[in-house]
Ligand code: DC
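Consider the single chain below, provided in structure tokens and representing the form predicted on its own.
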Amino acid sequence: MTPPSTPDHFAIAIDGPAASGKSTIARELAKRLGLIMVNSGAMYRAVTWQVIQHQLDPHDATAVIGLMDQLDIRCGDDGSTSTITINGIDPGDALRSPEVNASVSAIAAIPEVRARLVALQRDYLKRANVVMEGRDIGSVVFPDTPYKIYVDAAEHVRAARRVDMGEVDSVAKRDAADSRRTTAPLIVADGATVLDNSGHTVESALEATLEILKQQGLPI
């Protein structure tokens, strides 16, 4: 996966584990700065949703790769946030189903899936400045961006947030799967600043993020 060369637009990379609050921070940051917020995880969830729809084993990489050849994945935006359709269908709330939650880490570990979706993620810079959140944005998707933040929080805080969202998957299991995968594991990217979001409110987390970005040289 070769990183893009000197794009006309810039990316702010927001990485971190499940329920760290990175999606909320990315969304609020994009609103504040007037940028497009891109949820890279939704792309992996959309593929996972299709794997489930086709009744495939998410651990069968060969079957999943074969399915990818049949999928017309379209990534765009509505002027503020990213959108995705697969074969003309918007999966909507199905992306947060328990079945998708249980299988998305397996799908995200398949190198061929990541290669195709990373290419789509990089395409966003052809048309806009973005705040992109995920698990490998600063390390793989946009390794050359100077604007990198790794959002973390204590495990018990993240577990409680998952419960509040109505999701019961284990953050410890998700952390292990994301951190141990061979391709693009969850790491603190070179040059990233770690933000501990355990005790922040949404507003204080946003202000802390803006301060980090100022220190990284973003003109705000």
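Note that this is a predicted model, so its numbers are computed, not measured. One-based numbering along the sequence shown.
There is another form of this protein, the form predicted in complex with the named molecule, and it is not shown here; the text below is about that form.
Not displayed here, the named molecule is kept clear of Arg161 by more than 4.5 Å at the level of heavy atoms in the predicted complex. Contact check for Gly66: every heavy atom lies farther than 4.5 Å from the named molecule in the predicted complex.
The closest heavy atom approach of Val104 to the named molecule in the predicted complex falls within 4.5 Å. The closest non-hydrogen atom of Lys148 lies beyond 4.5 Å of the named molecule in the predicted complex.
The stretch that touches the named molecule in the predicted complex, counting heavy atoms within 4.5 Å, is 43 to 51, out of 151 to 159, 191 to 199, 43 to 51, 25 to 33. Residues Arg114, Glu133, Gly134, Arg135, Asp136, Ile137 of 111 to 143 are found to place at least one heavy atom within 4.5 Å of the named molecule in the predicted complex.
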